[in-house]
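Starting off, we have a lone chain in the form predicted alone, written out as structure tokens.
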Amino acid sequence: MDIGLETYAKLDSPVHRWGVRQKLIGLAALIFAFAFIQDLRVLPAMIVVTAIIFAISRLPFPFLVSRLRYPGIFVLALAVVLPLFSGTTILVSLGPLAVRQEGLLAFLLIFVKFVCILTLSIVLFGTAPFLKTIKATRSLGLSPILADMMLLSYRYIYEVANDLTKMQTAMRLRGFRAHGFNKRTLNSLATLAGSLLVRSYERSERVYQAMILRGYGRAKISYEEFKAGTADIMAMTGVIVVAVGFVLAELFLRGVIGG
């Protein structure tokens, strides 16, 4: 299994050269602003801003598509549920089924927000080494335990996936074939899940003991590498201003301000 977030972390682009801490603050502010949006009239601006940031990052488009593919399956499931069952204004009738306007608009809002937010997240984590990003979160005040848990989870998800692949191969070599959800198949899959859980727990114990023996928690971490330049601060400020602009636009369209 390969998540591949760091595949293009060494590219040379303005986003790659942007200071990690400032990039984290700026893009996180923009992500929260996008999550706040509920008015469909703001969506085109969201798409334009997201496209500009992605283009500046110089990440390959197939790289983005491959990362959106699996999460997109769950979102596309809403394309079936919402337009058919949410709302009262019927646009098209297909026998017993009817496509409703309210559900279609709700799906459009969710889909655009999903693509924009996930694209910004991929830009955030795909334009710098994951370890450096985690250190940046620690330098911004994130709990060291949470930061270490994120780093270890990212690191050992590959090992767990490799164990799962090996165990599945061993089961097939021993003649296991899944034929529906019968008792034998469910017992075999339950055994597989239990064995994988036990192996993962035992590995976590060994890793933790090895970390303790190597002085985990005693060393002081230096954040000198995160010194911000003028360009970093200006870029962060610009993105935050854009994020605030989105929030103000949403409030204005709702009539909360200026009305």
Partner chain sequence: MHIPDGIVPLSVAAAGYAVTAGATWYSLRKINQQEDPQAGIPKAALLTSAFFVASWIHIPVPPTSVHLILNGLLGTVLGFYAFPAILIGLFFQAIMFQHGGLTTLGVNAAMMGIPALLAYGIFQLRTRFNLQDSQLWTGVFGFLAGSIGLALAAAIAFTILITTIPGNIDVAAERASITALIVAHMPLAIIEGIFTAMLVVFLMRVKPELLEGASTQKAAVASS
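Positions refer to the first chain, counted from 1. Heads up, when I say rigid core I mean the largest set of C-alphas that superpose within 1.5 Å between the two forms. What you are looking at is a predicted structure, and each value in this text was computed from that prediction instead of being measured.
Another form, the form predicted in complex with the partner chain, is not on view; read the next lines as being about it.
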property	result
Interface residue in the predicted complex among Leu197, Ala231, Ala55, Ala45, criterion: non-hydrogen atom within 4.5 angstroms of the partner chain	Leu197
Interface residue in the predicted complex among Leu146, Val80, Ala170, Val92, criterion: non-hydrogen atom within 4.5 angstroms of the partner chain	Leu146
Contact label in the predicted complex: Phe61 to the partner chain, heavy atom within 4.5 Å	no
Partner proximity in the predicted complex: Ala106 to the partner chain, non-hydrogen atom cutoff 4.5 Å	yes
Proximity of Ser121 to the partner chain in the predicted complex, heavy atoms at 4.5 Å	yes
Contact of Leu164 with the partner chain in the predicted complex (heavy atom, 4.5 Å)	yes
Contacts with the partner chain in the predicted complex - residues in 196 to 211 whose heavy atoms fall within 4.5 Å	Leu196, Leu197, Val198, Ser200, Tyr201, Glu202, Arg203, Ser204, Glu205, Val207, Tyr208, Met211
Rigid core fit then Arg203 CA moved by 2 Å or more between the shown form and the other one	yes
Core-superposed comparison between the shown form and the other one, Leu64 Cα displacement 2 Å or beyond	no
Displaced residue check between the shown form and the other one: Gln38, CA, 2 Å or over, core reference	no
